[in-house]
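The chain below stands alone and is given as structure tokens, in the form predicted alone.
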Amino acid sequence: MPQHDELRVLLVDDDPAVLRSYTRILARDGVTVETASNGKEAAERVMAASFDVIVSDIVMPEMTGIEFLKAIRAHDLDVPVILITGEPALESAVRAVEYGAFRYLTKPVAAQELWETAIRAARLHKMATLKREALELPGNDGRGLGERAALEVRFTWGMSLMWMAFQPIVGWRDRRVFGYEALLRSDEPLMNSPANILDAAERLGRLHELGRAVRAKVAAAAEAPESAGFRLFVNLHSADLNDEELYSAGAPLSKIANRVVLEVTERASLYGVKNVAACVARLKALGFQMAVDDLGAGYAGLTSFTQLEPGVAKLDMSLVRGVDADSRRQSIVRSMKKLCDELGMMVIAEGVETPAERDMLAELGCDLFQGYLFAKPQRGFTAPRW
């Protein structure tokens, strides 16, 4: 098994036997585990040192796991927190995702599940930390984003070379185009990934500027005759919900709101959004529909459903990939589709790449598909392959 160099885990539980058991599971392959017997002690440790992942019980004296998580988020919005409970309840689950828990596990937790969940969370956090640190470094022969001044130049240039690609979403049963998702692209070499542009915008405090530019470009593209009659799916960063321009009836995208589905990813926390329910009500009053993107890949699913009240749910490609040969994925997709049907939500399966995946998804009740099997994202509104 590969070494997990310098990963630091904070384990919190008021039961000494549980602490010993979980420590034995996690303290291997170079992973360092520190322990705390209650939330108050753990909060003090978090204030004094940094960790790659925190694993905490929910029911504890002095400070509950939810209160501990809230205290962490006041100090650190990024560190992944895995909450474990022997008394699962909907209220605690909702609170957990509201404050950005990475996972919510129910005791007894299998050793392998705990290990894999903790290591995945820690590695993702480590990667995100390294990416942020890279932005602080001087340029590396012009290949890095460099210091802030260079980042400003790269981002501005990237914005000037930005364009929107469109990928069709199809109804398989009727062989029809249901809509198109707008996807951010740039011809600037160091900003040719949406993740790079978003990271830079976030670091520079220019997320609203980027969001407005994306929405304006989608609105402009929607004037093309070949887009007429199709829904347009537009991704929103959670920070966009705090931008008043989004709610202006005179904004470019608002003028075609009845054709637009706004996607908010399940991977993102809505913790920093002011009054999400009121924001959603304002958007729906303009005519927009709401969608939860990447369903099954993130930690904010319950928050997304309770606060966004989406009409569309997009199944993440991690559930779709290889679904034809994986009974567990099939069971999850079938259950999610049934639940969404009961809630009156349309389901779109993303990342469909093979006929076998398509056919299995259809067998499981899905009909709306998006993926390379039908078309790659391209300039303009291209017809899918059937």
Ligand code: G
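Sequential numbering from 1, following the sequence displayed. Just so we're clear, the structure is a prediction, and the values are computed from it rather than from any experiment.
The protein also exists as the form predicted together with ligand G; that form is not presented, and the subsequent description refers to it.
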- prompt: Looking at the partner-bound form in the predicted bound form, is M336 within 4.5 Å of ligand G by any heavy atom?
  reply: no
query: Is E188 close enough to touch ligand G in the predicted bound form, meaning at least one heavy atom pair within 4.5 Å?
result: no
- prompt: So in the predicted bound form, does D243 come within 4.5 Å of ligand G, heavy atom to heavy atom?
  reply: no
query: E353: heavy atom within 4.5 Å of ligand G in the predicted bound form?
result: yes
Interface stretch in the predicted bound form with ligand G - options 62-70, 338-346, 49-57, 316-324, non-hydrogen atom within 4.5 Å: 316-324
message: Please identify the residue among A111, A213, L105, L183 with any heavy atom within 4.5 Å of ligand G in the predicted bound form.
response: L183
query: With ligand G left out of view, which of Q289, N235, S227, S92 would have a heavy atom within 4.5 Å of it in the predicted bound form?
result: N235
query: Heavy atom within 4.5 Å of ligand G in the predicted bound form: which residues of 352-378 qualify?
result: V352, E353, G371, Y372, P377
